[in-house]
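This document opens with one chain alone, in structure tokens, the form predicted alone.
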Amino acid sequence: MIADILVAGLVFGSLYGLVAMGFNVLHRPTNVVNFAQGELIMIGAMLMAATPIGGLPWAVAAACVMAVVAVVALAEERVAVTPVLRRSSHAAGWVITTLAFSLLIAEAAGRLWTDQPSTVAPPWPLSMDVEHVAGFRFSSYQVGVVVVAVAAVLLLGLLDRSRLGTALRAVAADRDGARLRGIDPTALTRRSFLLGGALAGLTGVLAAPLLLASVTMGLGLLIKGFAALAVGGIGDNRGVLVAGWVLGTVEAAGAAYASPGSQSVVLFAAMLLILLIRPNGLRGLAVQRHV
């Protein structure tokens, strides 16, 4: 049973970590936590399940989904984020505007698609067939999800060390000061929303074969991704992936030893306990300002 819990924790925790990485990508230049991130992920999953895109070769379909969700995220940036930040970079009106955008997406999805979950096949040569190795039971697709999550952390780390990453850190530290140094915060915000939207689309594509694609899947992933963000630390992509694995394992243990209905209670109790002990996140990185 412990082996099954660990496998489930790694797999579903990787999804929670990917959601939290999407939060980080959008938060860096804007200090905004995008409450529509869950619905962006839902769009990605539904596009794979309920549109002709899902009939394309998997790599082509995934690229199309990422592009479409990136455009939706850019539209969100234009109508729900930039107008708020234009008034004041410290304004908190984005909480309401991103929530409103999330509700609009959910309403549109409810009109486009039914609320019946849809199955999505994993890409060839991966499968959901269970393999037995050294007492662990897992499928090749589950391994693929974990590998993609680790690769996402590495790629975002490379981006963070690039010239673009330096500019993003400058905007995060002082949006007005960065503008005085010749950096265009608006352009960087657009790029971040495009990247964050693409990452949300990829997360939806990966989640669909595991969770079943449905118009209601966004809220659950949003909440658990936010929990991974809180435990892992805002801006720390390695931390949020580790936090996702920890929370995924706790959730699986709650389902196994308590009951499936209480797994969310166990998960959030664990989150509160961790934050009481490590208020700056699991890795406890100090908040630094880079200009």
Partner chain sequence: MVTYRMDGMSRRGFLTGAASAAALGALGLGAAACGSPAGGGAKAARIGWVEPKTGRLAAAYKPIYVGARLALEDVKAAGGMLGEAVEVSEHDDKGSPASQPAVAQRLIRDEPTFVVGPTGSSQVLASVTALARAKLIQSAWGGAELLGDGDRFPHHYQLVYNTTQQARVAARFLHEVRGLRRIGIIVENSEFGTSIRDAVVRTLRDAYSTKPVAVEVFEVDASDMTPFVRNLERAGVDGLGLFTGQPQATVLILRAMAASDFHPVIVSHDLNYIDALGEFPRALLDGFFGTTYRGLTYTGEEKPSDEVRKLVERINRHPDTAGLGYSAVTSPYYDYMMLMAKVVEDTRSLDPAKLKAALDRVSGHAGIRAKVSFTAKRHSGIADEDITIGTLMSAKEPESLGGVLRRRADGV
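Positions refer to the first chain, counted from 1. The model shown is predicted, which means the values in this text are computed figures rather than measured ones. By rigid core we mean the largest C-alpha set that fits within 1.5 Å across both forms.
Another form, the form predicted together with the partner chain, is not on view; read the next lines as being about it.
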Report yes if any heavy atom of residue 82 sits within 4.5 Å of a heavy atom of the partner chain in the model of the complex; otherwise report no.
no
Give a yes or no for residue 8: in the model of the complex, does one of its heavy atoms lie within 4.5 Å of a heavy atom belonging to the partner chain?
yes
Any non-hydrogen atom of residue 252 within 4.5 angstroms of the partner chain in the model of the complex:
yes
4.5 angstroms heavy atom contact with the partner chain in the model of the complex for residue 186:
no
Interface stretch in the model of the complex with the partner chain - options 70-78, 155-163, 176-184, 206-214, non-hydrogen atom within 4.5 Å:
206-214
Heavy atom within 4.5 Å of the partner chain in the model of the complex: which of 99, 92, 147, 130?
130
I need to confirm a contact call. Of 126, 195, 202, 106, which residue comes within 4.5 Å of the partner chain in the model of the complex, counting heavy atoms only?
106
Within 1-38, the residues having any heavy atom within 4.5 Å of the partner chain in the model of the complex are 1, 4, 8, 12, 16
Does the distance between the two CA positions of residue 57 reach 2 Å or more between the shown form and the other one, the core being superposed?
no
